[in-house]
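Shown here is one chain on its own, the form predicted alone, set out as structure tokens.
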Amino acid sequence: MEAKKGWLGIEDRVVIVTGGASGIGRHVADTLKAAGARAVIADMSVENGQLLDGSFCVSCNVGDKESVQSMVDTVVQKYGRIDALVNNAGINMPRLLVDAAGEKPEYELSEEDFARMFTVNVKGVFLCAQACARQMLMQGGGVILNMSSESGKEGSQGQSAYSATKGAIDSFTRSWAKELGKHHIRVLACAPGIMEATGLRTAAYNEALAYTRGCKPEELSTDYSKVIPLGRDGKLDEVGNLVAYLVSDRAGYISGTTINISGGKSRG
């Protein structure tokens, strides 16, 4: 948590981080808190009023409109405002369009898998942005930051549906920025590339990803010098610091764009 109080000027700003109880989201929430913000973790795995390292928690299913509105109402009731939303909640299920080998049909993209990813990654972003934007309109401004992915620009073998959801997020970001800019609401996104371990990748996930890429789990590449110009994976601190900057007034003229944080790997 390298971001510190002072330069960013986000002390006491109320920032909701969806999916903030684990992974990148948890690190983003911790970084925001270290910089002086009032980070709010919105996640299905927490209880209302619970504290995680000092961050206030609200239970939320981002794919359910009533749950999202209840989360927003709870935050406004406690803090009186919402200064920024970090739309981080997401799910990735490696799947092939067609299992050409015919060996593991469970790793072929099904309607159920498709619907689950789009419900969380696309519908969830829409519902949270809409509910928070209504509050920001009453306040006279705010920031919506959507968590995209390098794969949304590049595509990714075995992750076509996930990549498509992130491409949708980039389009949401550009369009909403045009709609909401006149109301002093900035909308932007950041797109992490290959990151250091978050603790969320399970053996089942690695098995699925390996199958979609025609290899064994132990053969999944970790030699980043061959694929990333900077020669290493990204650090969670780097994502957290970027988010803290983007929701601050220091980034006050950045809107309608997706910032890559991928060590130079992305072409977009």
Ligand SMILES: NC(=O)c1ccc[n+]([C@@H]2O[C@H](COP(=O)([O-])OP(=O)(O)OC[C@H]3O[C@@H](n4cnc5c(N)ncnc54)[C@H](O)[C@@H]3O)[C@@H](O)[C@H]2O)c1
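Just so it is clear, the model here is predicted, and its values are computed rather than measured. The numbering used is simple: start at 1 and walk along the sequence shown.
Beyond the structure shown, there is the form predicted together with this ligand, which is absent from this document and is the topic of what follows.
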Exercise for review: Select from the listed residues A168, V120, V75, M136 the one whose heavy atoms reach within 4.5 Å of this ligand in the predicted bound form.
Suggested key: V120
Exercise for review: Would you confirm whether the three residues S45, C60 and G90 all fall within 4.5 Å of this ligand in the predicted bound form, going by non-hydrogen atoms?
Suggested key: yes
Practice item. Tell me the stretch among 143-151, 77-85, 105-113, 179-187 that has any heavy atom within 4.5 angstroms of this ligand in the predicted bound form. Key: 143-151
Check your understanding: Is V14 close enough to this ligand in the predicted bound form to count, meaning some heavy atom within 4.5 Å?
Key -> no
Review point. Taking 4.5 angstroms as the cut-off for heavy atoms, does L246 touch this ligand in the predicted bound form?
Key: no
Practice item. Classify T257 as contacting or not contacting this ligand in the predicted bound form by the rule of any non-hydrogen atom within 4.5 angstroms, answering yes or no. Key: no
Point to revise | 4.5 Å heavy atom contact, F172 and this ligand in the predicted bound form | key: no
Check your understanding: Going through 19-33 from first to last, which residues have a non-hydrogen atom within 4.5 Å of this ligand in the predicted bound form?
Key -> G19, A21, S22, G23, I24, G25
